[in-house]
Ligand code: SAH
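Next comes just one chain, in structure tokens: the form predicted on its own.
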């Protein structure tokens, strides 16, 4: 084990973890190959929630509800979450009920591109964890919905390191996502109305605050 791996192992040992319910849900999701946020991302999310103390959260990308439940357990917020894969809607609802948070979560089935314009907001915390190639298309509506001083967290922005490569080094099937993610990162780091940092944890986490 090299020094970097040892450091990650040490830092992971400091993490206080989640509730028993979330630990079971995480194990079930991984066994079923359902993508959920990584341990390092979970830790940052808990810290950011403690800092912002949001009242209204918007999540773009629900899957089976893991991250929404985590946000419920670590805030007093009401959460609106969007999921466009129909087979995940009922499992998510069942998980919200089992976790006792159904009354705090509104789950909307549909494509975020269609759903976002229908929302009123404002939201003081937005977590983006959906189709990576769509982040740049979601951004105008996300910015409309994000309140001044609100926080936007975008997950998986480094694309397993592909984002560092030249266009020609990326597999052809991934080039569109690669191009759009580069465009997205440039946009959120150069907008006058956002302050953004990109954290090299998990698969990359962009943390932005609206001025």
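Since we're looking at a predicted model, the values are computed, not measured. Residue numbers count along the first chain shown, from 1.
Below, we refer to the form predicted together with this ligand, which is not included among the displayed structures.
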query: Does residue 36 reach this ligand in the model of the complex if we count a contact as any heavy atom within 4.5 Å?
result: yes
message: I'd like to check something about residue 80: if you look in the model of the complex, is any of its heavy atoms closer than or equal to 4.5 Å to a heavy atom of this ligand?
response: no
query: Taking the shortest heavy atom distance, is residue 130 within 4.5 Å of this ligand in the model of the complex?
result: yes
message: Residue-level question: is residue 181 within 4.5 Å of this ligand in the model of the complex, judged on heavy atoms?
response: no
- prompt: Of 104, 137, 97, 88, which residue is found within 4.5 angstroms of this ligand in the model of the complex when only non-hydrogen atoms are counted?
  reply: 88
field: this ligand in the model of the complex: contacting segment from 139 to 147, 49 to 57, 28 to 36, 182 to 190, heavy atom within 4.5 Å
entry: 28 to 36
